[in-house]
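Listed next as structure tokens is one chain, alone, in the form predicted on its own.
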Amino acid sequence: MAETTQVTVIGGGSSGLMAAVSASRAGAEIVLLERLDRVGKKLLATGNGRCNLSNADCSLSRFYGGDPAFIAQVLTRFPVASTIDFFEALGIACKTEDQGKIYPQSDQASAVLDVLRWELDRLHVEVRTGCEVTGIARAGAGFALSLSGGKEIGAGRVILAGGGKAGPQFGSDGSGLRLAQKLGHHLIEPLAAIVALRLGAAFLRRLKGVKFVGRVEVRCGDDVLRQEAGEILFTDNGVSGPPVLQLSRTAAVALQQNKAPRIVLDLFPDSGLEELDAALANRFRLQGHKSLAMGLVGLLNKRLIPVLLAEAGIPDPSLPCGALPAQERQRLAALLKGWSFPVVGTQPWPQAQVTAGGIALDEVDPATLESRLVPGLYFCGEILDVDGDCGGFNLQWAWSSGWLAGRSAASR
């Protein structure tokens, strides 16, 4: 074997960078391997390029996946306060915005990556980019890592921080999951999360780009599984926008379980059904001489009007407002308060922000993040069966798990 290093980190994303810093600070000799041409590509895209570092309200209810006690134990070891202290010590001034979202004062994800890379340099961590690990095997007390191109290197301990499957253009192509499986680990089936949803409706292409502020629910039968509010965006085959991304995991899991989930949109969440119907009746009385298509202009996005009228069973948009029967007006009001669409899927992995599912947590020690199956192998970040809501929760998991895996691997 050509060379051996004390700890090898596989994956140069957020958790891998933190693991390398943590392990090096704990005294280990580190090599970080990244298959892309640079580290931190996904980090640069977080928070729309602003890097939503964490969240001030990092409660356990905002995380999903395996055993909540496992997740809590890791987050407690390196909590939000530690994250802020860590980055402020590196020069990143932090600020807290609406809903507890924590950002760098500069609003630049690139600044966060810059200081992490600077710290790796200061600690003399060797970073090798364009270096893909294709296999991990036991070799005595350590490991032999097979690299693309036929080269092999050794490692005393390995931290697998290869990510999940979300955002393969940023490096998370599922290769880390495959390496873990080859070593005997089991996967909770990965699903795309924090992702736009695909809906079953033929007219969606006509609404592409239409936005409105409303409420969105995921329902299965009569059960409301989750609801969110905010700006909702129609795409050419579904819906997106912050509230949709937030509840997309719930819809994806329900779809996986064959529960026939539906998305229900409320375009007027601040009005009750009777109140909205009365407002429509008054509007149509005042605009009685206009066609329905014109009478709704100013209340609804113009591109929504013909679609909504047709969906409400009102086929003639040229009908005068004053001639609309009360029953049809009531159907329109009910549709505006509860427009239902079957969920047929999520957008593909390149459009997903995070992976739900991953390495089963019962095969990992929460006190160290060491594999219970393969001593000397550690996991951190998105590769584990842990994911969080939008708002900095997934990055906090990356920092917490990366710090713990790095410290544990260095001190073993």
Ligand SMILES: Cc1cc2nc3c(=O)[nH]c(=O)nc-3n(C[C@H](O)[C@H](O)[C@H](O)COP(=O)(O)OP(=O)(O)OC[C@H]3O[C@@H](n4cnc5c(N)ncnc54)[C@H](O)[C@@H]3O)c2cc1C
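Just so it is clear, the model here is predicted, and its values are computed rather than measured. Quick note: we count residues from 1 along the sequence shown, nothing fancier.
Keep in mind the form predicted together with the named molecule is missing from the figure; the text below concerns it.
K.L.:
Using a 4.5 Å heavy atom cut-off, indicate which stretch of 365-373, 23-31, 348-356, 64-72 touches the named molecule in the model of the complex.
P.N.:
Only one stretch passes the 4.5 Å heavy-atom test: 348-356.
K.L.:
Which of Pro243, Gly171, Gly156, Gly214 has a heavy atom within 4.5 Å of the named molecule in the model of the complex?
P.N.:
Only one option qualifies, and that one is Gly171.
K.L.:
Of the options Glu132, Glu126, Glu275, Asp114, which one has a non-hydrogen atom that comes within 4.5 Å of the named molecule in the model of the complex?
P.N.:
Residue within 4.5 Å of the partner: Glu132.
K.L.:
Would Ala398 sit within 4.5 Å of the named molecule in the model of the complex, counting heavy atoms only?
P.N.:
Contact check for Ala398: yes, within 4.5 Å of the named molecule in the model of the complex.
K.L.:
Consider Gly176 of the chain shown here, and say whether it contacts the named molecule in the model of the complex, taking contact as heavy atoms within 4.5 Å.
P.N.:
Answer yes; at least one heavy atom of Gly176 falls within 4.5 Å of the named molecule in the model of the complex.
K.L.:
Even though the partner isn't displayed, in the model of the complex is Leu36 close enough to the named molecule, meaning a heavy atom within 4.5 Å?
P.N.:
Contact check for Leu36: yes, within 4.5 Å of the named molecule in the model of the complex.
K.L.:
Hey, in the model of the complex, does Trp403 get a heavy atom within 4.5 angstroms of the named molecule?
P.N.:
Answer no; every heavy atom of Trp403 is more than 4.5 Å from the named molecule in the model of the complex.
K.L.:
Flag this candidate site as yes only if Ala139, Gly142 and Arg412 all have a heavy atom within 4.5 Å of the named molecule in the model of the complex; otherwise mark no.
P.N.:
Not a single residue of the candidate spot has a heavy atom within 4.5 Å of the named molecule in the model of the complex.
K.L.:
Across 10-48, which residues bring a heavy atom to within 4.5 Å of the named molecule in the model of the complex?
P.N.:
Heavy-atom contacts within 4.5 Å come from Ile10, Gly11, Gly12, Gly13, Ser14, Ser15, Gly16, Leu33, Glu34, Arg35, Leu36, Lys42, Ala45, Thr46, Gly47.
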